[in-house]
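The chain below stands alone and is given in structure tokens; this is the form predicted alone.
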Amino acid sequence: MARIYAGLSTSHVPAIGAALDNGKSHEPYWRPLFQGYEFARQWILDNPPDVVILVYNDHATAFSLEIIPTFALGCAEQFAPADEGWGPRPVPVVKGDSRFAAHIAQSVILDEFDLTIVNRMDVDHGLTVPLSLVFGAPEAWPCRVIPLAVNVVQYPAPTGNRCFNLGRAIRRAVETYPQDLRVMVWGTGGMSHQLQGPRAGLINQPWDNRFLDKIGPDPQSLVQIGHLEYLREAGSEGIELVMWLIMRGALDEKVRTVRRFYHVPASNTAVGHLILENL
């Protein structure tokens, strides 16, 4: 059967993609950030997934404010890089797994999570930047990717507890798929940042590091964090961290931290990155 063997989390800052695409990754400002992902690039070569379920948020490209699904699962065979206003990123088309995605959708919906099934969708930097950070710049992405878009743009966003339980439901879905697949779940977004208003530029390093400390050994202490705390402590875009809890919910109760990385700043954002392995 299919099995989830590890999870990965990372921020998905659009400026990271621009730095990569414009050959700036070796500049002094960017070099420390990209060096922080060298471990992940080697680790993924040594521990390759067949499929990545990649949890991210759409930034008003595939979905507008007219239609806002709370959870949307990409069930197509492929997903093109989105044009976010300056042309699509020069990265490969994302190859999906429609059969596996359909199985996940059926299992999770019958498990009483109301997913939106999306059979055509372009994917923006929220999904492509994590792929670039971990896989570099290949001619084709080395595994299939199932996108799971979460609304953290327009309130009400889902709670951390709801996201954690969705991760558990995804794990149950994966474990009932008969094909032998090595599966990773990636949670993306965050960490603390705010892009507008009087607190624009907010970064809360102590709060971020407490989140990194607890997500592996004590995720239950994080699932109870409410929207107001995310807003107050991590900024208006800090709510993206609930997507990391989907990844964590999909893993075993006990995990091993393989990699931890934290860097400030990347544009106006604190960047966090973890690799967690099931024991």
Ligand code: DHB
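Residues carry their position along the shown sequence, with the first being 1. As the structure is a prediction and not an experimental result, all values here were calculated from the model.
Although it is not shown, the form predicted together with 3,4-dihydroxybenzoic acid is what the next lines describe.
**Q** Given that 3,4-dihydroxybenzoic acid is not shown alongside this chain, does residue 18 nevertheless sit within 4.5 Å of it in the predicted complex, heavy atom to heavy atom?
**A** Judged by the heavy-atom cut-off of 4.5 Å, residue 18 is well away from 3,4-dihydroxybenzoic acid in the predicted complex.
**Q** Would you classify residue 59 as touching 3,4-dihydroxybenzoic acid in the predicted complex, given a 4.5 Å non-hydrogen atom cut-off?
**A** Yes.
**Q** Using a 4.5 angstroms cut-off on non-hydrogen atoms, would residue 25 count as touching 3,4-dihydroxybenzoic acid in the predicted complex?
**A** No, residue 25 stays farther than 4.5 Å from 3,4-dihydroxybenzoic acid in the predicted complex.
**Q** Looking at the partner-bound form in the predicted complex, is residue 125 within 4.5 Å of 3,4-dihydroxybenzoic acid by any heavy atom?
**A** Close contact exists here: in the predicted complex, residue 125 approaches 3,4-dihydroxybenzoic acid to within 4.5 Å, heavy atoms only.
**Q** Want to guess which of 99 to 107, 192 to 200, 72 to 80, 166 to 174 is within 4.5 Å of 3,4-dihydroxybenzoic acid in the predicted complex, heavy atoms only?
**A** After filtering at 4.5 Å, what remains is 192 to 200.
**Q** Heavy atom within 4.5 Å of 3,4-dihydroxybenzoic acid in the predicted complex: which residues of 9 to 24 meet that condition, in order?
**A** Result: 12, 13, 14.
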